[in-house]
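Take a look at this one chain, the form predicted on its own, written out in structure tokens.
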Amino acid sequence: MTTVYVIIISVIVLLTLAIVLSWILGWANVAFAVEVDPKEEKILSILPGANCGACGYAGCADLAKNLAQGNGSANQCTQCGAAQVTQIAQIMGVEAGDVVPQRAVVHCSGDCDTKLQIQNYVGEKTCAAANLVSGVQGCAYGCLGFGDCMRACKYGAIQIVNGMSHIDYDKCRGCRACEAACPRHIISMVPFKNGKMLVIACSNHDVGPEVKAVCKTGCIGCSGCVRRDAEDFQFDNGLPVINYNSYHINAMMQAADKCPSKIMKFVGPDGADTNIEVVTDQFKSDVDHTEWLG
């Protein structure tokens, strides 16, 4: 009987402790609760919850907190569409503004068929490791093709095809993960004002003969596009750069048509309309048939 009494007493004590501790925890939860701004909760419920960091904040909760306090813009989330931005703007009490999605662009066109001086690399099959090896391929600026960007993408928007990164714009959310993962920094974010956008598909800063020696499709740095359209193109360290703040597409197309290397192309979702004649993405360069006068 003594054992039974001990068990009963132990059970009563444990139940009492459980009740007391539960009451204490409940009281502490109320007494020390941090009041959350209702705006913050509403904004957080609209955000996608991807926590990608592309907005510049640590995650969706951090962005929601700052937006509720009036810091940042309603269209700061790169993964929110027009409807979500409008809802966030209404909660903030501001104008929604233009919603221009940011999407990733690979500034390279050199696949296994167009790269020259490719070495037999036997090290770790990652771009980060291969980038540390001198001479792994002739072009020191081009895509290494080992898929660090593909593995970084949470949305399956990147595939490696014939040694070259290709972006599926139907899946790309503009999260910047691929941009951060590329050791050669040839991926950047472009504002997609139209269904398809014109981009510079090369990152080689060398002069023409050196470019031709390592890639069939590289920019030879002739600066012809800049001379024809100085408002939309700028020349930076041997490469043209598109000014997406102006982006007068008709003038740009006239300059792009004269590009001897054909390194300018349209990228975007399949079936997206550019409303203009599209440059074909074939990269059959006529550089070898052009007399170099540099």
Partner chain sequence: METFLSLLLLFLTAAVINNFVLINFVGICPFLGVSKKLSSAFGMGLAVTFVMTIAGFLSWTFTYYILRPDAPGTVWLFNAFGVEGVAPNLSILSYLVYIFVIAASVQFVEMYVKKFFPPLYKAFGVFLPLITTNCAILFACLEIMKRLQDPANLWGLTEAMVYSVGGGLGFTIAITIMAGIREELELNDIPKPFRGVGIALLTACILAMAFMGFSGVNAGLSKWLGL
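Positions refer to the first chain, counted from 1. Owing to the predicted nature of the structure, the values given are computational and were not obtained by experimental measurement. Rigid core: the largest C-alpha set superposing within 1.5 Å between the two forms.
What follows is about the form predicted in complex with its partner chain, which we do not show.
In the model of the complex, no heavy atom of N245 sits within 4.5 Å of its partner chain. At the 4.5 Å threshold, heavy atoms of N29 reach its partner chain in the model of the complex. Not one of V122, A129 and A180 comes within 4.5 Å of its partner chain in the model of the complex, counting any heavy atom. Once both forms are overlaid on the rigid core, the distance between the two CA positions of G70 between this form and the one not shown is under 2 angstroms.
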